[in-house]
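This document starts with one chain, in the form predicted alone, laid out as structure tokens.
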Amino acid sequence: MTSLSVSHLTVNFGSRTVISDLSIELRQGEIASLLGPSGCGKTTLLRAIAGLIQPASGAIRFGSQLVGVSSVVLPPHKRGTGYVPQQGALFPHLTVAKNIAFGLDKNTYTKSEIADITHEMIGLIGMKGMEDRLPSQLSGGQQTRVALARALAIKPKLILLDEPFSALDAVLRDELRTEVVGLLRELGSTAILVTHDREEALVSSDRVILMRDGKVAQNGTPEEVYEAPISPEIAASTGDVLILPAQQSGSGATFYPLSLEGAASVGSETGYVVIRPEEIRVSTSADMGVEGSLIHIDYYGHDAMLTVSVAQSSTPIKARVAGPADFTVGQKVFLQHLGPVRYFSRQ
């Protein structure tokens, strides 16, 4: 069942087009990430879905219900969306409980019902006993939890999260993201997460929507956008890559610096291959691969990134190996590409 449908959406700020003819769909219970650089239109799209921005053209539907066109159909407070902005944006003069209850309509719920819902939300986010604290008495992670609870309290059709973890340190960000995504899945919520963090998008989502210049550049599962990017630029936006010159024969064979059959024959750069560092096997055995010299090691504990100079490539080759890595700088090594060959022609 389709939960959200955005069709041919265009949003202008004055004479500047920020979103251009954009279309996406989400199924019920699906979590999607909007991934892209600053200024590509991620937050603008989120705000248009929430009803905070009026589009120039296009349509927004929640299920079969039309909620937005170029003339606003439903105002933000009637769309039933839960919005979690950057850094939570809690009301500083309200307690945790009152922040969570803020969006509950007193004409719809009794005082007792509001108290019950608030108590339930506080339990969900693991903050029992903190009901009377002010935002200034909370950590950054606790503030984000409260903002999420406030968004969930209204039982929204859609949760919209605008980089909610960006202000947190790396360890807390990972822990809280796991908690939040787990809670959304437990509740069966449909959600959109805006992020510029490629790992966050891949880990958190059922669907990754890559945006460039106000348009959808690629839309697919995390596996699809990582394993089968549609361009070298998109590949680089989802993980570390090597982009090497390549050429294809008439039979379709691809020759590039790590292809043993044609390692020395790459002369006319007719295209590129895109390789992930983890797809390269590194060995000290001379019976396999292209010979190179290890010139640098970045050790991360759980793995290491090796930088290798090879005669066949003017660009050093980066290879990721499981740590601890038993290699030393200056050592002769042999490289073999074991992953898929992603070839892109020059344009």
Partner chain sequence: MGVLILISQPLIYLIIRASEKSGTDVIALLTRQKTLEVLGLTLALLCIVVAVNVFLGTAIAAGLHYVRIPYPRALFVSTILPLAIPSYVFTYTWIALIPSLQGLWAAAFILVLSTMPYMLLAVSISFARIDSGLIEVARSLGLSKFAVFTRVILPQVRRSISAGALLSGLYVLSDFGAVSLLNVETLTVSIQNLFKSSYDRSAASVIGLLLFLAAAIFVSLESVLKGRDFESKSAEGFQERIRRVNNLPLSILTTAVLALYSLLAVVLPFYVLISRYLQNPSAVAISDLATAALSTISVAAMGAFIAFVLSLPLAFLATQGASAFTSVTEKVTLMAHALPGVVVGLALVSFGSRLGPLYQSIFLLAFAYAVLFLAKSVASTSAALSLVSPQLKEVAATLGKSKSRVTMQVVFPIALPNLALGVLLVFLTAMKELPATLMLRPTGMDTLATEIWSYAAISRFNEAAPYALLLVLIAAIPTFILTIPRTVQKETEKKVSNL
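Residue numbers count along the first chain shown, from 1. Given the structure is predicted, the values throughout are model-derived calculations rather than measurements.
From this point on, the text means the form predicted in complex with its partner chain, which you will not see here.
Answer for Gln143 alone: is it within 4.5 Å of its partner chain in the predicted bound form, judged on heavy atom distances?
So Gln143 counts as contacting its partner chain.
Quick one: does Pro277 come within 4.5 Å of its partner chain in the predicted bound form, counting heavy atoms only?
Heavy-atom contact with its partner chain at 4.5 Å: absent for Pro277.
Although its partner chain is absent from this view, report whether Leu52 comes within 4.5 Å of it in the predicted bound form, heavy atoms only.
Yes.
So, in the predicted bound form, is Pro92 in contact with its partner chain at a 4.5 angstroms heavy atom limit?
Contact with its partner chain, yes.
Heavy atoms within 4.5 Å of its partner chain in the predicted bound form: which of the stretches 285 to 293, 312 to 320, 42 to 50, 55 to 63 has them?
Among the listed stretches, the partner-contacting one is 42 to 50.
Can you work out whether its partner chain is within 4.5 angstroms of a heavy atom in all three of Gln86, Pro135 and Ile154 in the predicted bound form?
Per the other structure, all of Gln86, Pro135 and Ile154 touch its partner chain.
Scan Gly239, Gly271, Gly220, Pro76 and let me know which has any heavy atom within 4.5 Å of its partner chain in the predicted bound form.
Among Gly239, Gly271, Gly220, Pro76, a heavy atom within 4.5 Å of its partner chain in the predicted bound form occurs only for Pro76.
Which residue, Asp105, Glu224, Glu131, Asp169, has a heavy atom that falls within 4.5 Å of its partner chain in the predicted bound form?
That would be Asp105.
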